[in-house]
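Let's start with one chain on its own, the form predicted on its own, as structure tokens.
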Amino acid sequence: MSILTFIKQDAVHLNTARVALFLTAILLVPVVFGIGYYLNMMIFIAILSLPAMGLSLLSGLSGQLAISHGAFFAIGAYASAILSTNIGINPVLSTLLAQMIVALVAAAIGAVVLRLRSHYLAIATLSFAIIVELVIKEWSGLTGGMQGMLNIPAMGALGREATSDIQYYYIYWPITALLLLFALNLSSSRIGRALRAIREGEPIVDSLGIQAAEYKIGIYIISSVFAGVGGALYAHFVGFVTPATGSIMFAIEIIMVLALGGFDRLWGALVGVVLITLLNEYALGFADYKKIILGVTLIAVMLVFPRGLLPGLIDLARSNKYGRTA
């Protein structure tokens, strides 16, 4: 039975309308502001929003804090790069096949680590991420080792490759919007409600006959595929991958994204990616102090808005509205 059968139709319509409006505005940006350097930054925002949304589904929806999304980003990137570069598979097909690999790995890892909870789960997934990074570095015959992989084919179909930022822009943002719509509808479904119940109290959920373990593995696979898609799109956009792709620091940065935008808000994941991207961009002139700037910004936001920037601003707007009404 389709997931959509578990979703209230009004929620589907509302999610579709919001995403359609958002995508329309995004696609009009180059038309209104012209083609410039910012397009490159916007493409990276589209790419990095995918692992952020995936982690939001896992951590925000079901309460499972994992530090493995950087690893799945790297698996998606390297798998698609190897399939398209070494075997000659079309990048679109290699991206899809890479997600099958990501899903299989996620299912195997999830069946083991999701028996753990809280910081134990975080430590277990961190260990997995370290192993993936070491495998990439040491398996030089397949991955290129420390040198990475170069000359990865550009994204394209029907014999035509994307050759400019504007083409990538109009390919990648619809993909990101489509996955955002899927994530929103999943969150609004009966499955989403079951995952929220698991977040609030797994033993209670088990007592009600809901198989919490199956739900957790399922959402872990879905969230990992989000990261894997982001990795594959990244590889075919920049044209190369290295062990730094999806490193531990990348995984931590994704957690920072959600801390800024809000762990339990899918739209907040987009906000967090925009903020981190802008901070990274404008902190380039302060290279020696970049991490300090990011850290101070994160602390400031968490002190003012403990639930994240987007939820905090929404709460602030509501309080002001009700304050004026009173």
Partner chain sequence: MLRVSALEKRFGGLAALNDVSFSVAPGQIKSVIGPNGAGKTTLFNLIAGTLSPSAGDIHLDGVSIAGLPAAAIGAAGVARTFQQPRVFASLSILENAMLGGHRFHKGGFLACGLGLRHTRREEEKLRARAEKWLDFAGIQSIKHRNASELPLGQQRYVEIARAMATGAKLILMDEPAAGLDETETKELGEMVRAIRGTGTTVLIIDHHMDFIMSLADEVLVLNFGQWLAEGTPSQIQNSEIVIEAYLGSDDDA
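Numbering follows the first chain given and starts at 1. Treat the numbers as computed from the prediction; the structure is a model and nothing was measured.
The next section is about a form of this same protein that is not shown, the form predicted together with its partner chain.
Going by a heavy atom distance of 4.5 Å, is Ala98 a contact of its partner chain in the model of the complex? Heavy-atom contact with its partner chain at 4.5 Å: absent for Ala98.
4.5 Å heavy atom contact, Ile314 to its partner chain in the model of the complex: Judged by the heavy-atom cut-off of 4.5 Å, Ile314 is well away from its partner chain in the model of the complex.
Does any heavy atom of Arg160 come within 4.5 Å of a heavy atom of its partner chain in the model of the complex? Heavy-atom contact with its partner chain at 4.5 Å: absent for Arg160.
Can Leu93 be called a contact residue for its partner chain in the model of the complex at 4.5 Å between heavy atoms? Taking the distances in the model of the complex, the answer for Leu93 is no, it never comes within 4.5 Å of its partner chain.
Could you check which residue among Leu121, Met256, Met149, Val205 gets a heavy atom within 4.5 Å of its partner chain in the model of the complex? None of the other options qualify; the answer is Val205.
Ala106, Ala81, Ala251, Ile219: which sits within 4.5 Å of its partner chain in the model of the complex by any heavy atom? None of the other options qualify; the answer is Ile219.
Stretch in contact in the model of the complex with its partner chain, which is absent here, among 184 to 192, 161 to 169, 83 to 91, 126 to 134 (heavy atoms within 4.5 Å): Stretch 184 to 192 is the one.
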